[in-house]
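Structure 1 and structure 2 below are the same protein chain in two forms, each given by itself as C-alpha cells.
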Structure 1
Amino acid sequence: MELHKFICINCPLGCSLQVEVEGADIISISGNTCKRGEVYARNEVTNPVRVVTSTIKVIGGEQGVVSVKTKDPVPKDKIAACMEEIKKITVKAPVHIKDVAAKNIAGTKTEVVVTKEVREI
C-alpha cells in the first residue's frame, strides 16, 4: 500500500490530504474538509495534470519572445519534456492568440498555442 500526501489547493485552508493507494485502487482519502478536497486528491493521485506556460522566440517581431501555453493540461511528469521542446520552437512575426506553435508536444497530443499578439516590425 502506498500513502500519497498533498496540500489541497482549493482554498486558503490548505488541508493536508492523505490518499491510500493499493495498486491502481484508492483505498481511502482523508484530511479533507470538503468534497472539493476529495476530488482534488483523487485527481492528483490518478492523473495529475498542469497547463505549461512559457515563452518562445519570435523572429522579426516587436518583442523578442512571445508567451505560449499548452492548449490542454499535460501530465505532470511530462512538464520537463514539454519545456525541452518548447525551448526549441521559433516563430515568425506576426503571431496571434491561438496560433498553433507546435502540435503533439512531447507526445502529449496537446498543442502549444500562442497567448499574445506580436506584430511585425
Structure 2
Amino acid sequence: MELHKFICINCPLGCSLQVEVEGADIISISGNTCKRGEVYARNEVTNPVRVVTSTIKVIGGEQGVVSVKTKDPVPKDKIAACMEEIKKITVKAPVHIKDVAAKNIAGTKTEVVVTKEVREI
C-alpha cells in the first residue's frame, strides 16, 4: 500500500490530505473538511492538473508583455511543453482580457487567454 500526502489548494483552509493507494485503486482519502478536498485528492493521485500562468510579448503596446493563462487546467506532465510554446507567442497591441493568444497549446485542447488589457501606442 502506498500513502500520498498533499496540502489541498482548493480553499484557504489548506487541509492536510492523505490518500491510501493500492495498485491503481484508491483505498481511502482522509484529512479533508469538505467535498472539494476529496475531489482534489482523487484528481491529484489519478490525473494531476494545473492552470499555467505566464506572460507573452506585445508588439506596439504600452507594455512589452501581457499576462496570460490557460483557459483550463492542463496535465502536470504537459506544463513544460506549454511553457515552451507560450515563450514563442507574440501578439500585436491592442490586446484585451479573454483574447485568445493560442489554441490547443501543447496538444492539450485548451487555449491560452490574455488576462490584462494593453493599449496600443
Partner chain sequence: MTDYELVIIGGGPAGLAAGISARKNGIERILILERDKELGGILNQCIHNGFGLHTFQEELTGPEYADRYIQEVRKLRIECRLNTMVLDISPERKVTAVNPSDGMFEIQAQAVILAMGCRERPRGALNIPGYRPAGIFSAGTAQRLVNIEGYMPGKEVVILGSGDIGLIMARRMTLEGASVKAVAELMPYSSGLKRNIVQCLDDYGIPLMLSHTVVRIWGKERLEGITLAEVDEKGRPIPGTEEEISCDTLLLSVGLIPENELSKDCGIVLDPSTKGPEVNESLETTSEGIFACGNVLHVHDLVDYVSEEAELAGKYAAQYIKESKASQPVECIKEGKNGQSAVYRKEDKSSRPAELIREIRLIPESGVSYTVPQKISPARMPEQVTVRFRVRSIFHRCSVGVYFGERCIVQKKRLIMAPGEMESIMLSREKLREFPEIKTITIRIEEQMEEA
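What you are looking at is a predicted structure, and each value in this text was computed from that prediction instead of being measured. Residues that one form lacks are left out of the comparison. In this text, rigid core is short for the largest set of C-alphas that superpose within 1.5 Å between two forms. Each residue is numbered by where it sits in the sequence of structure 1, with counting from 1.
- Matching each structure to its source, the form predicted in complex with the partner chain turns out to be structure 1.
- Treated as two rigid parts, the chain shows its smaller part rotated by 24° relative to the larger one between structures 1 and 2, based on C-alpha superpositions.
- CA movement of residue 21 between structures 1 and 2 equals 3.8 Å, with the two forms superposed on the rigid core.
- The protein segment that moves between structures 1 and 2, counted as a run of at least three consecutive residues with every Cα displaced by 2 Å or more relative to the fitted core, is 1-41 alone.
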